[in-house]
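Just one chain follows, in the form predicted alone, and it is written as structure tokens.
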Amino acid sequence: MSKSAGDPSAQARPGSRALFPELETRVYANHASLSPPSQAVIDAVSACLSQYARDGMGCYAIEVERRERLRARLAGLIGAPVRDLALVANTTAGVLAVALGIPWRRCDRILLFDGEFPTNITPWQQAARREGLELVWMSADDFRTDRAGALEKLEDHLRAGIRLVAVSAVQFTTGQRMPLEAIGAMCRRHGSELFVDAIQAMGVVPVDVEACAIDYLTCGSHKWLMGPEGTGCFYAGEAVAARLEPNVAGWLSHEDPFAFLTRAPNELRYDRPLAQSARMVESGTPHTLATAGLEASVGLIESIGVEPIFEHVQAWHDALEPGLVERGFTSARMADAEGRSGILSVRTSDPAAGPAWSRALAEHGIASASPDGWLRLSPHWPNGLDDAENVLKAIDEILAGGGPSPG
């Protein structure tokens, strides 16, 4: 079926900024921090708000249906059954649901990775403090510099007994894509559960919860999914969800939660069963406007396909990386394509120079980031391959002026 000219997905093509008419930054390469909304997202949020203004509660049922559609779309992005996916406020909400919901035994061991974003660290630390758990640490960067050796060390830890491994699909500093399939297989072999923070992956990197034996996954909306802030998704496999304790449940966590509002008297009960699935964490009133925007952005991603998006982003990296290396930068990008993501991180011999380079590039109209001293460039499907020329030109001008100001 051909797409009409008015269909935003007809304009969603790799390398085209047609759906971002308000974006002023010359090269926006900071999607790993936050994606600017496309016109499709702006229109969806505006239409939703206008509908509420016209109809008030009259449009609530329409928004409930939208949430069902969005669940199905997000589940499709990770190869999950829709019954196992819930909508949550952000990535952290998904981490907390598991950290506070697993029926821990004292001295259970959780394996964490040094170098991870705190979202996937702090809740586990709090669970350890409350429940008397032991935290076991590995270096995330070891999987970039010596992947085989790191996997051997991981298996040694698993043999010694690990209740849960919590890892990000992609490391936010270097852009390293973690070997989830290998990690998941090891976890299954040794009876450990696998929790994945996917916020640096969903929408740009293929993720399959079944192929990677992922038990739990969480992701926010505002990075590679290109939606507004304030919503996201949480996946829990059917077997592990049945074991979670509903410690973060609310009124929407019940089965058939709207019955007392829409049916005959005597439906107002406080003993209604809680959902025995990921949906038990859907506790209260959702962020409806963010949901509308996320549905629109995910629709654009679907229209292109995650695999083509990943290939386009890798072509963007291919066009830029050699020029950066020629200018004295060291790249963290892995030689093996299986370890690559949407992020291209580089640095100079001065590990503290990343923030100065990011500020200097911003003055030349190039949006980047500088986590933990790296200069991080993170394009998405709207970025053109000719961005490389503009980035390198800006770097040459900065170098000609004596380099970035330490600020």
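Note that residue numbering follows the sequence shown and begins at 1. As the structure is a computational prediction, the values presented were derived from the model and not from experiment.
The following text describes the form predicted in complex with a small molecule, which does not appear among the structures shown.
Three-residue candidate spot T91, I199 and H222; every residue lies within 4.5 angstroms of the small molecule in the predicted bound form by at least one non-hydrogen atom. Only one of the listed residues (F234, W316, F172, F143) places a non-hydrogen atom within 4.5 angstroms of the small molecule in the predicted bound form, and that residue is F172. For the options T291, S297, Q176, S168, the residue carrying a heavy atom within 4.5 angstroms of the small molecule in the predicted bound form is S168. Checking 114 to 122, 247 to 255, 302 to 310, 79 to 87 against the small molecule in the predicted bound form, the stretch whose residues place heavy atoms within 4.5 Å of it is 114 to 122.
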